[in-house]
Each structure stands twice: as structure tokens, then as C-alpha cells.
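Below you will find one chain, with nothing else, as C-alpha cells; this is the form predicted alone, and questions on how it binds or moves follow later.
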């Protein structure tokens, strides 16, 4: 495939294979440590929601808890690459756990995301191209709201559960995998139906309060982070220009499983998350890197690409 051949050629110009081989070693300990930290934070923000019940503090508490739930995209993403853990069954178990909470069929996400890596920033081919440039303020706000993502994810889930694979989706996964995609969607819907049935039986709003509502409102935080990964970068298959690394504080890096080192990840997706910091040290001068965190990236996007009014682009 031309795009993959080009990526390999560029990668070999940037870093020797021998160094990549050392960086690509997987282990269970890093993944378990990050996962424990992540789940502890989610448990903590869930406790904050519980404590805020019956007060106006429930509003920021729900948003905080939702933001933590939305960051489960990070382990979902890493396990979809098969690099979060050395042990395969552990990787797949965490993939399923995160997919259930995040509400995105895991096997389908894996195929969909692989297509994004193959055709990164290639318009009408990239399965996860965030926004073309220039964009309007309304396009920006709609994307960050998460509305388009929910519409897409729920369509995948329920149409697959009904045994329907849209013709537009056929290029993402081989035909012999369609039964597996249908089966996983049906399993997820059955699990959700079981949770709903238990909640109704016991008259409990817990799934809504601690999961669904926070999950819906918190998606805007995930979108806000993800818009920085490629938006405003060059269109085309060169990972040195089509993806942006955002330098941020250690807490955010840990929360997102080092995904802010995104240019490095796209340069070599089989390097596990725990090695991306070392990878960055070796190749950062050859990639697109933004200093100053995510707020700076978004301010720069507004300055360069987002039309604020009357179709006039700010320079």
C-alpha cells in the first residue's frame, strides 16, 4: 500500500530500526499502573458526584466526572493497537471494559482507527479526520460538543446490533469480520439492556447519574483534546507534518496515556504508550511539536484557521 510504504520510508529516515526495536518492547506493569491510576481517579470523581447530590455543586461534579470517563478513550485507543499490555487476554479485557463504558464497539473501533492511521489527514479517506481547514466557529463548537461523535457511535452500535453494516463502512473491515462486528454490538446492547433492567427493577438512577449523564457531557473534553492532534496540520500522508505533538504537564500526559505525544505515535504506532516519552526525546526535532499546552494550540487554531464572523479568517 502506497501510504504505508511511504510511512515506513520516512520512519527509517528519522530513526534506525534498532532503536525502534528497543522502544517497542511491551510489558504489563506500565499498563496496570496507568489503569489503576485512571480507575482511581474515576472512582474519586464518582465519590465527588455522590457528595454533591442535592446541591448546586452537582453540576461541576458531573462535568468533572464526565471528563474523567471521557479520558477512557486513551486506554481504549492504546489497547486497540494491542500495545497497552504484553499479555494478549489482558489487553483485550481492558479494551472491552473501556469500550463498554465509553460506548464504542471495540472490534469496530480497532478497524475504524486502523484506517485513520493508514490515511491520516487524507481528505475523504481518513476515517477520523476531525475538521478540514479553514473552519467556521460553528463547525468548531459542534465538533467540541461531541454531538457528531454520539450520532456516529450510536449509529454504529445499533445498526450493527440489527445486523446492518452500512455500505459506506465496508472499506473499513473485511467482509468475513462482519458477523463478529454484529455479535459484539449485540453483546454490548444486551449488557446495556441488563443494566437498564436492573436499574428499573430496583428503582435506581445510579447508571444515569454516575455513567450516562457524565459520559454524555464529558465527551466535549475528549473532543477538545483530540482536535489538537491533527486540526490545522498539513493534509497528506507525511507524519512529520500531518500530526501534532502537544507538550503539556505530566498529569495530563498520564491521564491520556501519553497520547499528547501524538506525532510520535503516528510515526510508529507499535511503540507502546509508556515508551513515547523516550521516543519523543529522540525524534522531536523532526516532527510538529507545540509548546505551551492545549490552550495555546486552540488559540493558534483560532488565529490561523477559524472564521469568527462573516466568513473572514483571522490572521
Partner chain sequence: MEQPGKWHRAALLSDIENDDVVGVTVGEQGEHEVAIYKLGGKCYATADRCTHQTARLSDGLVIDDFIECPLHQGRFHIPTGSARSAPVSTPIRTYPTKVEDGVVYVLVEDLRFE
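Remember, predicted model here, so these are calculated numbers, not experimental data. Numbering follows the first chain given and starts at 1.
What follows is about the form predicted in complex with its partner chain, which we do not show.
Residue in contact with its partner chain in the predicted complex (any heavy atom within 4.5 Å), chosen from 114, 154, 142, 199: 114. The single contact residue among 138, 168, 190, 88, judged by any heavy atom lying within 4.5 Å of its partner chain in the predicted complex, is 88. You can rule out all but one of 245-253, 62-70, 269-277, 286-294: in the predicted complex, only 269-277 has residues with a heavy atom within 4.5 Å of its partner chain. For the three residues 82, 174 and 177, a heavy atom within 4.5 Å of its partner chain turns up in the predicted complex in every case. The closest non-hydrogen atom of residue 204 lies beyond 4.5 Å of its partner chain in the predicted complex. Within this chain, residue 11 lines the site of its partner chain in the predicted complex, having a heavy atom no more than 4.5 Å away. Although the partner is absent from this view, residue 110 contacts its partner chain in the predicted complex, with a non-hydrogen atom inside 4.5 angstroms. Taking non-hydrogen atoms only, residue 127 never approaches its partner chain to within 4.5 angstroms in the predicted complex.
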